[in-house]
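Take a look at this one chain, the form predicted on its own, written out in structure tokens.
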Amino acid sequence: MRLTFLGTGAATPSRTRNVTGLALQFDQRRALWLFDCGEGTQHQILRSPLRLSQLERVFITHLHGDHFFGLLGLLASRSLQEGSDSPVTLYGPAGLDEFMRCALSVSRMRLRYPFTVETVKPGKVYEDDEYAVTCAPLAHGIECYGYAVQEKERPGRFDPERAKALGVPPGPLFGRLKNGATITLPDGRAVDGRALTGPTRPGRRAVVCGDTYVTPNTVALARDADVLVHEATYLHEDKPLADRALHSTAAMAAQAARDANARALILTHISPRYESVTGSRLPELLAEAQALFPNTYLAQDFWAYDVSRRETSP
């Protein structure tokens, strides 16, 4: 699993940060998921190694413009690309479906691929054989959600040397044993694949929060997460601004990560007030979070983070 940050700024774009957009890719799966799609996200994708033709799903946290005004242009551009005819599904709060229907109708746009909008409610919003996505409401003065992507358990590591020692020839039989099957060798002996694999490995968990103030739901959603992506619009010294706008400080984000026992925290949605022509205060923002949660990163546009796999459960 790889996270690529396409926009890490707050409500308005700056010269160094676009508004919110985050891409998720998978290890052995040619698929692209987006979390939020602020204005200009399609331009950010063009400047990255990502391929819009691989887009499958877009998860919108809330209907503030800096989180979804880029949808229409992105979907329209995809419709004009050769080989981009696979389905796309949008997930988001009530009102997203109405917005898309109205925009498509007024512009008379006809997407040439299947397109659906799912209105989310707290709980599970998507599941397939490998991943499940759940959401929980956040605190932002408007219907807003955080999303957790949970990878399902993976088989334990296969021991090829033990298999060879038992007389199993490398090849297709190895694949069956890796999946836990029992095979029969030419001499009649049965070999149980489960005896040749280690303990089941836990799936990875990546949590992406929309804009939010302090809420227990963040901690519950991010419990034991491998990575928590959390807004950090303000420094603690500007907490009155965070209180008024229902945003978070870097310290608030770090406290949530610590309380959730997350492995890593990534700060995003950074106010442009901390990057001016007179100097950057980003080191202060990062230091504020690291004082509470050392394994904290501060995202930049186009920065990518690989979510590593655990061998045992937390």
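In case it trips you up, residue 1 is the first one in the sequence shown, and so on. These numbers come from a predicted model, not from an experiment.
The form predicted in complex with a further copy of the same chain is left out here; the points below concern that form.
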Heavy atom to heavy atom, is residue 42 within 4.5 Å of a further copy of the same chain in the predicted bound form? yes
Any chance residue 26 has a heavy atom within 4.5 Å of a further copy of the same chain in the predicted bound form? no
Please check if residue 99 has a heavy atom lying within 4.5 Å of any heavy atom of a further copy of the same chain in the predicted bound form. yes
Report whether the minimum heavy atom distance between residue 182 and a further copy of the same chain in the predicted bound form is within 4.5 Å. no
So which of 142, 117, 132, 173 gets a non-hydrogen atom within 4.5 Å of a further copy of the same chain in the predicted bound form? 142
Selected contact from 122, 73, 160, 156, since only one has a non-hydrogen atom within 4.5 angstroms of a further copy of the same chain in the predicted bound form: 73
Go through 189-197, 90-98, 160-168, 208-216 and give me the stretch that gets within 4.5 Å of a further copy of the same chain in the predicted bound form, heavy atoms only. 90-98
Mind listing which residues of 105-139 have a heavy atom within 4.5 Å of a further copy of the same chain in the predicted bound form? 106, 107, 108, 109
